[in-house]
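The chain that follows stands alone, in the form predicted alone, written as structure tokens.
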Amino acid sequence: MSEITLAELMIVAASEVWRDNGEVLASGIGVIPRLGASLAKLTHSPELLMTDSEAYLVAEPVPIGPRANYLPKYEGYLPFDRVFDCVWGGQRHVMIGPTQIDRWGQTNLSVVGDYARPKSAILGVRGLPGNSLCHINSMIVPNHGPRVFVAGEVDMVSGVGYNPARFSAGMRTDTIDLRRIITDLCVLDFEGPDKWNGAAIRVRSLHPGVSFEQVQAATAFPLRQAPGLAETPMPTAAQLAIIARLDPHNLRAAQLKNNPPALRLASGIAA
């Protein structure tokens, strides 16, 4: 158990966001989300659709990094225009890594600071406005802290959330579906009692050795505890074997600072 890393714990936690989604396009943006989606397809959710990250659907997830003699198992054609059909039709669940998240679930991919004179420019909004409005979205945060989980609104709203002030009369909001946030401290969801009043985000599970108080201290807005707040499950030997096969070059180890053990002492969190 001591050899299991935090990245591997987060991959397993990420895989759970795609459980019981049905036949949707599973898109994990980044190493941990991609491995999470791949693990989901190979274990509890084989009905998920997955691409080779180019233009083809594959029967099994493609390992990340150099492929050597691996030949993808193609089973269909999914060019970019058909991806948009999935997007606009709500048949996709993506996990992204935003720079900022606020209490309404609004996300920022674009700039930090004032838009006219930003401290730093990042990706830009890209496809997030349409994605966040049309299909399921989850998030990954490798460094849970108040610079990510910000007070007030995010510096630029790239992805929509449950903020009524951002919608004019008559605009549809029923297609917004924010599910989970996987961080290096915990798993959060958007199942709070009053999501349209800034009270959507709650702590669903705590990673081993992490307390609710530590998570709240690292968040610049109030969090709720889910009923029966649990500990995030550790990976099983079978899950670890699949992760190792999907990531033969151990790229997952570089996704977190020092990639600490998954099982941390309750007296403190590894830096």
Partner chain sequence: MALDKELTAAAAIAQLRSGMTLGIGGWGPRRKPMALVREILRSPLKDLTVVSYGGPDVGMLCAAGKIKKLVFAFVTMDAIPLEPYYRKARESGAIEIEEYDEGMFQWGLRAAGMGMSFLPIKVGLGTDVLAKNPRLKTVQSPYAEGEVYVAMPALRLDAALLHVNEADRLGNTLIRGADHFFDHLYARAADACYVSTEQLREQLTLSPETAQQNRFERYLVKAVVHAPCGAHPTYLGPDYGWDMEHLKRYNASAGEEGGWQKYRDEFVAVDEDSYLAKVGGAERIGRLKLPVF
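Residue numbers count along the first chain shown, from 1. From a predicted model like this one, the values you see are computed outputs, not experimental measurements.
Below, we refer to the form predicted together with its partner chain, which is not included among the displayed structures.
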Work out which of the listed stretches, 142-150, 120-128, 197-205, 179-187, brings a heavy atom within 4.5 angstroms of its partner chain in the model of the complex.
-> 120-128
Examine Leu71 and determine whether its closest non-hydrogen atom to its partner chain in the model of the complex is within 4.5 angstroms.
-> no
Although its partner chain is absent from this view, report whether Gln100 comes within 4.5 Å of it in the model of the complex, heavy atoms only.
-> no
In the model of the complex, does Cys86 have a heavy atom within 4.5 Å of its partner chain?
-> no
Hey, in the model of the complex, does Pro79 get a heavy atom within 4.5 angstroms of its partner chain?
-> yes
Can you work out whether its partner chain is within 4.5 angstroms of a heavy atom in all three of Tyr56, Arg67 and Met156 in the model of the complex?
-> yes
From first to last in sequence, which residues of 156-186 have any non-hydrogen atom within 4.5 angstroms of its partner chain in the model of the complex?
-> Met156, Val157, Ser158, Val160, Arg166, Phe167, Ala169, Gly170, Met171, Arg172, Thr175
